[in-house]
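Form predicted on its own, single chain, as structure tokens, below.
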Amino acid sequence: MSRPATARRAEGFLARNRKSGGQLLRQSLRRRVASLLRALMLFGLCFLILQPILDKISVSFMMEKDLYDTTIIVIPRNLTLENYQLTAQLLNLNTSMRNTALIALVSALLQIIACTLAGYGFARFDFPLKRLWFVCVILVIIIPPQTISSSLYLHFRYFDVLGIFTRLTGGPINLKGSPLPHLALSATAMGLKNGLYIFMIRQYFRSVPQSLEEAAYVDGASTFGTFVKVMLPQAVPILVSCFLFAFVWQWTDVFYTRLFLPTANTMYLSIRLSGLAESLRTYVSTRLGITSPPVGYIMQIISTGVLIVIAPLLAIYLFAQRYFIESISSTGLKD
């Protein structure tokens, strides 16, 4: 009767280990210990990322009395959807989500168009002061936008182009209170995180072999035709990734929204979320006659609001995660 395959493999391993003087066993143990440590590290990182979200999901379905029940840790005893209904009302959800989605979508599209042209130019063309301009792109990544908030405010509060508007209307134009500053910055590759998108797209185009463009030139394609018909189809993963980054950052932006739209507090989701606690206090004092709701209840409503805000982003990521993986695996960091 033949011995089991496991026993034969074990005997073969022991024989090879004796011939190697024990080196094979030590290498095998090191690999297994390294795999175990890597698995524990990944589990810990995943837990650190997911645990706050799981806590918020649990709290959002609890009734207020469950918050003060020490026997409840994760699973609510009294399930309810009232928190979501109240939070949607306080966020003015239909209007704020529609306006936020519109401005985030249009801004992201304009950013990707402008950043793609800039990134391709840095990757493929030589022009005067190219290195200096690329240093400026790096500075856009490094320098936080808060440092130029005063300049941005004054520029769009008294907007003029070469004195043209002053001659036509007698003074500069006030663009505050409209989405035009968002769109202008996005269309000129100076919007939120645009330096990062230019850098990523530039690195991707540098990793594409120049032989593809040279073959297109030999076939009679123009520079623009080569860019549109040859290079852009190759760059779909990185463009989709940058578009999703732009959409997500614009979706959750508070800085530019407060700077350019100070009177539009009821229009945009990020602004409504940042003032959710005050909205809840006003609602409770008006409807229930209570001066201030408990702190635990305030945090419960804020957690519910956070889940409502990030839910569309999580759904988008689930459908677009393969583009993230493709862009990361295909983007080089060449000089």
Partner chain sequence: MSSPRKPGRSMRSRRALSGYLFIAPFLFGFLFFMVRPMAQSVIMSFQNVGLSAQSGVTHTPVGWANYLYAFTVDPEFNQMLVDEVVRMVTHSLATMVLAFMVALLLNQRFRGRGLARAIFFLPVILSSGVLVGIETDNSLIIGMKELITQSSNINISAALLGLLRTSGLGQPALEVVNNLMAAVYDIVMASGIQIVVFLSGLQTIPRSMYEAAEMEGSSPWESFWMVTFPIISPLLIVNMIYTIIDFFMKTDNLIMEKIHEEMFINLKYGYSSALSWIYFLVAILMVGISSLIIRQGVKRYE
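Numbering follows the first chain given and starts at 1. Rigid core here is just the name for the largest C-alpha set that superposes within 1.5 Å across the two forms. These numbers come from a predicted model, not from an experiment.
Not on display, but discussed next: the form predicted in complex with its partner chain.
Peer 1: Name the residue from Leu109, Ala221, Leu102, Leu212 that puts a heavy atom within 4.5 Å of its partner chain in the predicted bound form.
Peer 2: Of the candidates Leu109, Ala221, Leu102, Leu212, Ala221 is the one lying within 4.5 Å of its partner chain in the predicted bound form.
Peer 1: Can Val306 be called a contact residue for its partner chain in the predicted bound form at 4.5 Å between heavy atoms?
Peer 2: Val306: contacts its partner chain in the predicted bound form.
Peer 1: Examine Thr252 and determine whether its closest non-hydrogen atom to its partner chain in the predicted bound form is within 4.5 angstroms.
Peer 2: Contact with its partner chain, yes.
Peer 1: Using the partner position in the predicted bound form, report whether Met299 sits within 4.5 Å of its partner chain, counting heavy atoms only.
Peer 2: Judged by the heavy-atom cut-off of 4.5 Å, Met299 is in contact with its partner chain in the predicted bound form.
Peer 1: Test of understanding: in the predicted bound form, would Ala235 fall inside 4.5 Å of its partner chain by heavy atoms?
Peer 2: No.
Peer 1: Suppose contact means any heavy atom within 4.5 Å; which members of 123-141 contact its partner chain in the predicted bound form?
Peer 2: Counting only heavy atoms within 4.5 Å of its partner chain in the predicted bound form, the contacting residues of 123-141 are Arg124, Phe125, Asp126, Phe127, Pro128, Leu129, Trp133, Cys136, Val137, Val140, Ile141.
Peer 1: Once everything's superposed on the core, is Thr282 shifted 2 Å or more at the Cα between the shown form and the other one?
Peer 2: It does not, since the Thr282 C-alpha is displaced less than 2 Å between the shown form and the other one after the core fit.
Peer 1: If you line up the core, does Gln27 shift 2 angstroms or more at its C-alpha between the shown form and the other one?
Peer 2: Result for Gln27: yes, a 2 Å-plus shift.
Peer 1: Tell me, please, whether between the shown form and the other one the C-alpha of Met41 is shifted by 2 Å or more, with the rigid core used for superposition.
Peer 2: Result for Met41: yes, a 2 Å-plus shift.
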